[in-house]
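Take a look at this single chain in structure tokens; it is the form predicted alone.
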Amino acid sequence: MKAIWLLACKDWRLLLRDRGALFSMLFFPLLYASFFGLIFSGGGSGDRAISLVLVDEDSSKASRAFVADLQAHKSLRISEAGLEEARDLVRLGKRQAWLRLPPGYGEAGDRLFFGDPPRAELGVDPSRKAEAGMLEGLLQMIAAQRFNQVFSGGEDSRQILAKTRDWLREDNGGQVPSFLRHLDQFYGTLDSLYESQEEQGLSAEADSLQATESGFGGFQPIVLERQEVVVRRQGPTSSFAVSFPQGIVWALIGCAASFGLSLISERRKGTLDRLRLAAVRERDLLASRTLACMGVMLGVCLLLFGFAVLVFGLRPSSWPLLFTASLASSWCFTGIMLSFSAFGKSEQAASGIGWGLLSLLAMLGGGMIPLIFMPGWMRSLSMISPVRWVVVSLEGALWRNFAPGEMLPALLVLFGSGILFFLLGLYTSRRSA
């Protein structure tokens, strides 16, 4: 064991003297993670539209028209679903709010100022008071456009007026109650005005829009019954929670490449043969290189995450799981290091082949482009890359709130991949010796 420790210390001292290796395994990943974290930290305009899922249970002409008006508004991003699905989408944080138009919504809207206004249920996250208030204002404004359309004339306007006048007489034996007679006369005058406009081919004046947008003297175009939804928070806490796992990937690649090339160099220069002649067993040589590589990889992971915590305020959801994920990732890339060292007889050959393959694994596994931005077929293909499982395990401990059971599949893939790469490298190096 003493020989293994001494050989590992020798590798660490040599590494500290290699400035290029230190840059590739520590400073470049740090620059990468910080640079892309700052770029995507919210400085851009982004998508400011409010995501709203609609539940139209009325399916009337009026409700469909209201849905169409909502879909046309640039400040809203609309989707439609059933009530339970809508609630789940908001609860899981995939949508910001849901709006339910119950049966009878269109009938209430056709009564204009007679009777109760149309009602709807609005499910929102209570912690987002500013967005909820903005959304309610938008819904009131868009609902008011309905009255603008009514008072702009046309066949639909006259039909609504006729229905409203019928409702005035509905419960009074065909007679209008005395206290509603002036309202009936107003509707009759308005109907006559529309009839004359149709005969003369005239359109309504723009004054009607101003009347509706002024709020109808306190009248609400739609009554929103707010329901608070307890949202389960998901998603990265900051852009650095996405960029630093990618930075760790490049740190692990740099470590694997540096240790792999140094092993090739020692083999080519005869250093390994001299150590064997000095009664150092081959398994001790292999164990010391494994210890040195894993120690550096794990140390770099902890240094980078420590920097992210101190400088950028990153807060992992679980420190024990983050350490375990870093350990599994380090073991996996230690096996990759041993395979890397068997790629060629010279440093140049191994560097060209190894860096090409490692870069391909990084691109495929989310080391360059986050997995969430990849098309579906590429995310499926990325499952063959160990880089994907490094990113998944680190994100699981950082912001995905993985439980130990949820983390287990990624850890098993990483430990299993490390063993396979280790055995592959060992077999290849012995065969080529």
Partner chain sequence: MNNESPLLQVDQLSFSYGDLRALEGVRFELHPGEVLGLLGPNGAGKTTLVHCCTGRLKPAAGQVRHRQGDPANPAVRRSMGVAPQGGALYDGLSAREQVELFAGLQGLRGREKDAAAREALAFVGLQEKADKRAETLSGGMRQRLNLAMAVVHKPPLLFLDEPTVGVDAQSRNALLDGIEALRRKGHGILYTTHYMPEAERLCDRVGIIDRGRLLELDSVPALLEAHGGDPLVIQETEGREIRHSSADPLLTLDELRRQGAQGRFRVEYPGLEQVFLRCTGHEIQEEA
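Residue numbers count along the first chain shown, from 1. On a predicted model such as this, the values are computed, not experimentally measured, just so you know.
Separately, the form predicted in complex with the partner chain exists; it is not shown, and the next lines address it.
- Among heavy atoms of V280, some come within 4.5 Å of the partner chain in the predicted bound form.
- Taking the partner from elsewhere, L298 is found to have every heavy atom lying beyond 4.5 Å of the partner chain in the predicted bound form.
- Contact between E266 and the partner chain in the predicted bound form is found at the 4.5 Å heavy atom cutoff.
- Interface residue remark: G270 is counted as part of the site for the partner chain in the predicted bound form, having a heavy atom within 4.5 Å.
- Listed stretches are 354-362, 117-125, 314-322, 280-288; the contact stretch with the partner chain in the predicted bound form is 280-288, by a heavy atom cutoff of 4.5 Å.
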